[in-house]
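What follows is a single chain, given as structure tokens, in the form predicted alone.
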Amino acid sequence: MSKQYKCHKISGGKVKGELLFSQDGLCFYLINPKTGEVIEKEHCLYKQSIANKILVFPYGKGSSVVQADGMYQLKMTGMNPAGMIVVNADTTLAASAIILDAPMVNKMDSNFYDELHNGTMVELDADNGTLTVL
């Protein structure tokens, strides 16, 4: 039986993908919309693509315009993350995910962060508040 973790829905949807953990907050405006690569030189994911990943990050950075427009540009080019797991979801980040119909959760089981790592294939079911290791 696959391991399952509980989480809290912010924005609904059900997706599959590889986990990609970031130790740094994320500004979606500092991701190249043509490649999905993080272009912020000081970021721990610099030059890595977030496209089609289940992105795990501590918080969003930037104004409402920067967050929403950055997510919008990624979605329009298909370079958006498949889903997002955030520790601290501010109103701007949560509203942007809801408007763009991007699956987002928070409040993961505490052992999630210790047990899983980059590249783990998972299914995120935000509607039912579960993340299942595939």
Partner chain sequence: MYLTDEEQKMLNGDYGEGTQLAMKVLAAIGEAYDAPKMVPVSRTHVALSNQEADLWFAEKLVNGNATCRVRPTVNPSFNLKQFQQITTIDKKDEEIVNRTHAAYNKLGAIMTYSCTPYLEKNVPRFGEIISFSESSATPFVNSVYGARSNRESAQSALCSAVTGVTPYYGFLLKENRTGQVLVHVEADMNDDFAYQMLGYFAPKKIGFDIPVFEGITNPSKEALMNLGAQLNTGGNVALYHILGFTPEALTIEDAFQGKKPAKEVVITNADLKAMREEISDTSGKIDFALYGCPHLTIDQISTIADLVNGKKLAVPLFIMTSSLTRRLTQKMGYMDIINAAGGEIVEDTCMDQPCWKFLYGKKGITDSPKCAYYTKRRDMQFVIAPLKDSVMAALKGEY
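Here the structure is a predicted model, which means the values were calculated and not measured. Numbering follows the first chain given and starts at 1.
Only in words, not in the display: the form predicted in complex with the partner chain, which the text now covers.
Engineer: Verify the contact flag for residue 19: yes if a non-hydrogen atom of it lies within 4.5 Å of a non-hydrogen atom of the partner chain in the model of the complex, no if not.
Structural biologist: Residue-level check for residue 19: no, no contact with the partner chain.
Engineer: Within 4.5 Å, heavy atoms only: does residue 98 come near the partner chain in the model of the complex?
Structural biologist: Yes.
Engineer: Check whether residue 36 has any heavy atom within 4.5 Å of a heavy atom of the partner chain in the model of the complex, and answer yes or no.
Structural biologist: Residue 36 lies outside the contact set for the partner chain.
Engineer: Consider residue 59 of the chain shown here, and say whether it contacts the partner chain in the model of the complex, taking contact as heavy atoms within 4.5 Å.
Structural biologist: Yes, residue 59 sits close enough to the partner chain in the model of the complex that at least one of its heavy atoms falls within 4.5 Å.
Engineer: Answer yes or no: in the model of the complex, does the partner chain come within 4.5 Å of a heavy atom in every one of 10, 40 and 73?
Structural biologist: Answer is yes for this spot.
Engineer: Judged by heavy atom distances of 4.5 Å or less, which residues of 54-72 approach the partner chain in the model of the complex?
Structural biologist: Contacts from 54-72: 59, 60, 61, 62, 63, 64, 65, 66, 68, 69, 72.
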